[in-house]
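Just one chain is shown here, as C-alpha cells, and it is the form predicted alone.
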C-alpha cells in the first residue's frame, strides 16, 4: 500500500480516537500524517471514504478469520471454532465502535458511508452470513441440532462480541482480551445448549434398552 495513503488512514484514526469527528478536518489530518493537504483528495474522494477505509482496515483480521472458518467445518469442537472467531470480532469491534458512534452524529456522513457500503456490498451482514454458512455446514454433519436456524444463531453469536465491545467502550474500560475470552466462552456455552443435537424418541428408547441390558 502507498505509504502516504496509509499515513493518512492512520492519522485519521488517531484523530477520531483522540479528538473526535469535529476535529477531523483535512488540515488536521494532513498535519497529523505529515503530508500536503491536497494529497488527501488524491487518495480519497471524501471524508466518508476515508472513514470507511479506517473501519475496513480495523475489521481486516476478523474478515480473514471468517474466510478461513469453512476450513474448520468438522474439525475441532464447534465451541472452539466459534470462540476463536468471536474473540477476534470483539477486538475489532472494540477499536471501531468509537468511530462508528461518531458517524451517527453527522447524518450526511452516515448516509454517504451507507452508500459506499451498498455499492461495495459490504457490511456486518456479510460476517453474519459467513458465520451462518459455517453453522449450516456443521448442522449437516450432525454437530448442531437440525431444527436450529443458522442465520438466527449467527446473529446471536455475532452480537455477543459486539455487545461486549460496546459495554467496555461505553464504560471506559480498556480492552481486556483475557476477560473477553471468558465472557465469550460462557456466552457460547449458553447458546450451544440450544444448538446441541437432541436425541429422537427412538434414540432415547434405544439408550434406555442398552442401559437395562
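Since the structure is predicted, the reported quantities are computational estimates derived from the model, not experimental observations. Note that the rigid core is defined as the largest set of C-alphas that superpose within 1.5 Å between two forms. Numbering follows the first chain given and starts at 1.
One more form of this protein should be noted, the form predicted together with the DNA, which is absent from this view; the next part is about it.
Highlighted residues 61, 73 and 75: none comes within 4.5 Å of the DNA in the model of the complex, counting any heavy atom. Checked against the DNA in the model of the complex, the residues 39, 151, 65, 166 give one hit for a heavy atom within 4.5 Å, which is 39. Between 142-150, 172-180, 42-50, 155-163, the stretch whose residues reach within 4.5 angstroms of the DNA in the model of the complex through a non-hydrogen atom is 42-50.
In the model of the complex, the DNA sits within 4.5 Å of a heavy atom of residue 22.
Using a 4.5 Å cutoff between non-hydrogen atoms, residue 6 does not count as a contact of the DNA in the model of the complex. Proximity of residue 26 to the DNA in the model of the complex falls within the 4.5 Å heavy atom cutoff. Interface membership of residue 69, defined by any non-hydrogen atom within 4.5 Å of the DNA in the model of the complex, is ruled out. For residue 179, the Cα coordinates differ by under 2 angstroms between the shown form and the other one after the core has been superposed. In this overlay on the rigid core, residue 36 has a C-alpha that sits 2 Å or more away from its partner position between the shown form and the other one.
Residue 167 shows a C-alpha shift below 2 Å between the shown form and the other one [criterion: core-superposed Cα displacement of 2 Å]. In contrast to the form presented, in the model of the complex the C-alpha positions of residue 41 and residue 124 spread farther apart by 3 Å or more. Panel note: the distance between the CA atoms of residue 22 and residue 171 is smaller in the model of the complex than in this form, the difference being 3 Å or more.
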